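Before any questions on binding or motion, here is one chain by itself as structure tokens, the form predicted alone.
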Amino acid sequence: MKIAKKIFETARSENRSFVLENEAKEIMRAYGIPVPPFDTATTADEAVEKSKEIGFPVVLKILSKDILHKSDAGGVKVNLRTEDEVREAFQTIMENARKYGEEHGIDVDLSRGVFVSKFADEGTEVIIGVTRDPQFGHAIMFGLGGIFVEVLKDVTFRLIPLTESDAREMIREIKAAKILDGIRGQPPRDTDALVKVILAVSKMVEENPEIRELDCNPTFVYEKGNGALVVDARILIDV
């Protein structure tokens, strides 16, 4: 898809091995992958205006070609509910990014400002990831998020490209699949929407083989009929 190719070309021209948060979300949106409403802002006043347009609460994240791991740089503020909170968060993020640069001997580029996004309602957390094996090519991973990934390693893999049957099998294969069915009075999750996200990610990677790693983490899955939402996204590419 043209929008992905253009973004990857821009990243490579800046010698970046990753795309920025807004770029990743633009690519995903182009492939029909649901993401929260978002925009960018280069000043505190603009961040306030964008937040009002998107609707509170919001999330602010640093946008810089010099910072891949935004949380490590103190570049993320979540659940901001007022104009004052947004304004303060913008200033804090910029200051944290400058300090991060000083600590690592980097002249951090802050010209892109921040990513402004709707703070998503919490759903059942899942992870969708992609890695590229030198021998077998791209493989897609699926699992429940949180402790299920970090401790139990409850994930499953398939080689790309996927069929709908593949995606549904992946969802059923994990040990914690019953959580998506609804347990202890909880309603079932929207696995049909989840299948569409998995297939869209597969298509995106198939059409853009320069992607070497991808994470949609967390992805929230809501009650049946209410869809799924990729909240955070990271895409690494060949330079």
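Just so it is clear, the structure is predicted and the values come from calculations on it, not from any experiment. Residue indices: 1-based, along the sequence shown.
Same protein, other form: the form predicted together with a small molecule, not shown, and the subject of what follows.
- If you check the small molecule in the model of the complex, you find a heavy atom from every one of E21, K118 and N217 within 4.5 Å.
- Using a 4.5 angstroms limit between non-hydrogen atoms, M204 is distant from the small molecule in the model of the complex.
- In the model of the complex, V78 approaches the small molecule with a heavy atom inside 4.5 Å.
- Proximity of V195 to the small molecule in the model of the complex: non-hydrogen atoms within 4.5 Å are absent; the residue sits far from the partner.
- Under a 4.5 angstroms non-hydrogen atom cutoff, the small molecule in the model of the complex has L68 among its neighbouring residues.
- This chain is displayed alone, yet in the model of the complex one of A200, V59, V48, I27 has a heavy atom within 4.5 Å of the small molecule; that residue is V59.
- Residues within 4.5 angstroms of the small molecule in the model of the complex, judged by any non-hydrogen atom, belong to 110 to 118 and to none of the other stretches in 129 to 137, 110 to 118, 86 to 94, 156 to 164.
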